[in-house]
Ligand SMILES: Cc1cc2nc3c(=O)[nH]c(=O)nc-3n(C[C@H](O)[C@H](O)[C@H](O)COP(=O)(O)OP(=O)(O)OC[C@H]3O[C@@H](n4cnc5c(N)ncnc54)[C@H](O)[C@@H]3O)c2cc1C
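The chain below stands alone, shown as structure tokens; this is the form predicted alone.
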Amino acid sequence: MGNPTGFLGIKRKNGEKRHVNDRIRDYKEFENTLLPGELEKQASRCMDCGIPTCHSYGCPVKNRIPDWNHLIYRGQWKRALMILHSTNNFPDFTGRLCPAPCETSCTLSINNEAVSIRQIEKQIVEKGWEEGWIQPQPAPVKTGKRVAVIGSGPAGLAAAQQLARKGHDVVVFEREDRIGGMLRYGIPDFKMERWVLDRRLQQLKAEGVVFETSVDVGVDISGRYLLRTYDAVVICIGAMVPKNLEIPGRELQGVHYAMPFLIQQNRRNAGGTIPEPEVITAKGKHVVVIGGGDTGSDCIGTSIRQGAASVTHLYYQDIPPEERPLCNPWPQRPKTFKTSSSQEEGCNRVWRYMTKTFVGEKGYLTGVKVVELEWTRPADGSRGTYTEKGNSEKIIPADLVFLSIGFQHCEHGPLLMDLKLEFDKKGNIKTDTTMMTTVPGVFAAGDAELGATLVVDAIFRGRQAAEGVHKYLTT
């Protein structure tokens, strides 16, 4: 490394977050970048650890993190960008959205603060855009093979770009009115503004990728049509079937899945309108979010920006420890107490309560009946058991509840039924090591075959599927 002792004298630093009072007034990104000269110092904290666990274990796309840290310290930004793009099509997405498992597996994080890997990644790619280094890379020779990609989320876009650069003619079909999938409508603008996505889409178009919006494949066109018309098909439809909380009162007005709420606000931010009967708004309401994870946190931030009277985040789990338990050693991702940027903005976090009933009047939600749980955990901190505490039931006032308890699998709709695809035990599309499904020439990538996961995982699987398709078409 350029400065193998940099970590001894330089403290970790990330881009500063905008003040809460400012950022809750708009939907702009909440995190700023580091000042010129500061990033080189942060890159110099990357120690000569010998075995870069950040790359080999922590990063799903296998980013060559020590390599580009060394180059940034040396001021060789363009080479760093080239190495970054060699493993990751969209570091401008992951630099904003990834929870950075690379950092929690950084060797320095064993007894110190990890290298600011996500921040460095984000600013490398932004420097590339500023300097004009990022340009379309159309294939010099065409193969004459046609590939259909179904879904335009991170997996679909990564697969499409890789295949187009191999010389194949790629058409991406998207059910929504705009390209981007979850990147467009599922993730709040305050985490990634949409111009970041749009500039990448312009790059893909210049590389020859064709986008077809408002096409519900399986309904508007059949799976059999795809097999007749294209030499290969890649299914990247996500995992959008939510898990339900089937308890009394679930039918009350005011109890919603999380994703429709987020999608509506993203449509408004894009200049769209929502029909009045379908509008879900948190303005002036007491909001309860059930379930953790990024989606629940996004509901909190969006509710606060809409002007909610209060926001309560409800967990049935025990409060996580401040430090790693014995059952959760490095380099595993730590199961410790965390506070998201949205939670920082003002919500009441309630732990160890199980939702029993949704309470309402005249068909409308008025509260959530919960019971307190008593957790018992083994000495090593592994998952324990709980019992309901006697006489602990209470009602949390609520006008609006968002269920954010995860997703089951992809939609088993007309397309998958028409193609007669097989599924695994969890309901995900079954694939082999090349990402091909049980139907020859049909591949799947991302959440459709993994289940709901991270953007960075979806990008990696999209790249893998593209490699599988290319071998299928050329051998």
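Only a predicted model underlies this, so the values are computations on that prediction, with no experimental measurement involved. Residue positions are given as counts along the sequence shown, with the first one as 1.
Beyond what is shown, the protein has a form predicted in complex with this ligand; the following relates to that form.
With a 4.5 Å cutoff on heavy atoms, Gly238 counts as touching this ligand in the predicted bound form. Proximity of Asn14 to this ligand in the predicted bound form falls outside the 4.5 Å heavy atom cutoff. In the predicted bound form, this ligand sits beyond 4.5 Å of every heavy atom of Glu372. When contacts are judged by a 4.5 Å heavy atom cut-off, Glu174 counts as touching this ligand in the predicted bound form. With the partner omitted here, the residue from Arg79, Lys191, Lys205, Lys356 that has a non-hydrogen atom within 4.5 angstroms of this ligand in the predicted bound form is Lys191.
In terms of contact with this ligand in the predicted bound form, the residue from Met435, Leu39, Leu421, Leu415 that brings a heavy atom within 4.5 Å is Leu415. Stretch-level contact analysis of 182-190, 125-133, 379-387, 309-317 against this ligand in the predicted bound form, using heavy atoms and a 4.5 Å limit, identifies 182-190.
Site residues Pro154, Val217 and Leu262 are all in contact with this ligand in the predicted bound form, judged by any heavy atom within 4.5 Å. The partner is not shown here, but in the predicted bound form the stretch 266-303 reaches within 4.5 angstroms of this ligand through a heavy atom at Asp294, Thr295, Asp298.
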